[in-house]
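One chain follows as structure tokens, the form predicted alone.
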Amino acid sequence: MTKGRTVFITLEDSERTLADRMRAWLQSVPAGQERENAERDLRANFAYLAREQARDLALTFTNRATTERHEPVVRHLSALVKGAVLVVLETASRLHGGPELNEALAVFAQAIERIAIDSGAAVVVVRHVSKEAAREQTIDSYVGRGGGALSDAARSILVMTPNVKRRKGEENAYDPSAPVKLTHAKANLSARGPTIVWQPVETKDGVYLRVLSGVEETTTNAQRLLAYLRGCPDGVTPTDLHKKKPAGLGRDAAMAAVEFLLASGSVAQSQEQRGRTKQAATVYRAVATRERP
């Protein structure tokens, strides 16, 4: 990755919110020389416009039934970020003045492409999906209305989802402390990158996301799964782990957590007859006498 100037332009968050986020992130860096270096790099290479300055920077507008590029804004942004390595624009719904349909979003995608070409920067656009797609943890790059136009135009797509799946009717029940997963859904110029998991960490200035190592991710998943198993005195089977996605874990993550819990002695495994046909099945139960890992 090339180190260089980064620009973040948001039509959603205020200057105070961004300042709090940067302070929270700096608190995550070990105090001393490492934090001083991080702060120096932040001051030298990071610039932003908050919603107070960026609210008039919509890239498209609707002229009767037609969506058109707002050429003066496109030229202004291209000149403003010229020479930057990375530019992040937030969010598509506020930057795009037209409807979220393929034809209109294709015009928006062309505006983004023009900024990337003229400035020489990699331009990232943040787009929110529907609550249903978020609840189902959809990582399809075509999700949502008009998703095809943006996905076809983008060279790479990253999907961020909370690592907890809620049932229908629980749209507002996401646990803010749950890990957040980043999935590389599309890559035109390279192989897809690995999935990254962040753990929200709260500080006095706000919340920042800390990258979890593989061991930390497994441990965190195991803790969530163990809490679920403690509420299932009849135990769960591998089929349950696959179909019900307890604690929001996918099959592979759930089985890795089970192996971790079995090794630590927090979960016991037995063979029992289950279902109408009384077929033999592996059953996992939490061990009440052991503490969580």
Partner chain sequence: MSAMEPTRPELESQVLAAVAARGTAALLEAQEVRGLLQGDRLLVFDAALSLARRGEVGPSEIAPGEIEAELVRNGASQDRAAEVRITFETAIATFPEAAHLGAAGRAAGLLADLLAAENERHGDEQMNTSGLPEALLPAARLLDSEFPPVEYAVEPYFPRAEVTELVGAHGIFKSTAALGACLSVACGRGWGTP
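Residue numbers count along the first chain shown, from 1. Predicted model only: the values in this text are computed from it and were never measured.
Another form exists, predicted together with its partner chain; not displayed. Remarks below refer to it.
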property	result
Among the candidates E52, E259, D41, D252, the residue which, in the predicted complex, approaches its partner chain to within 4.5 Å (heavy atoms)	D41
Contact label in the predicted complex: V29 to its partner chain, heavy atom within 4.5 Å	yes
S264, heavy atom within 4.5 angstroms of its partner chain in the predicted complex	no
Distance check, S190 to its partner chain in the predicted complex, heavy atom within 4.5 Å	yes
In the predicted complex, V207 touching its partner chain (heavy atom, 4.5 Å)	yes
Residues of stretch 268-286 in contact with its partner chain in the predicted complex (4.5 Å, non-hydrogen atom)	none
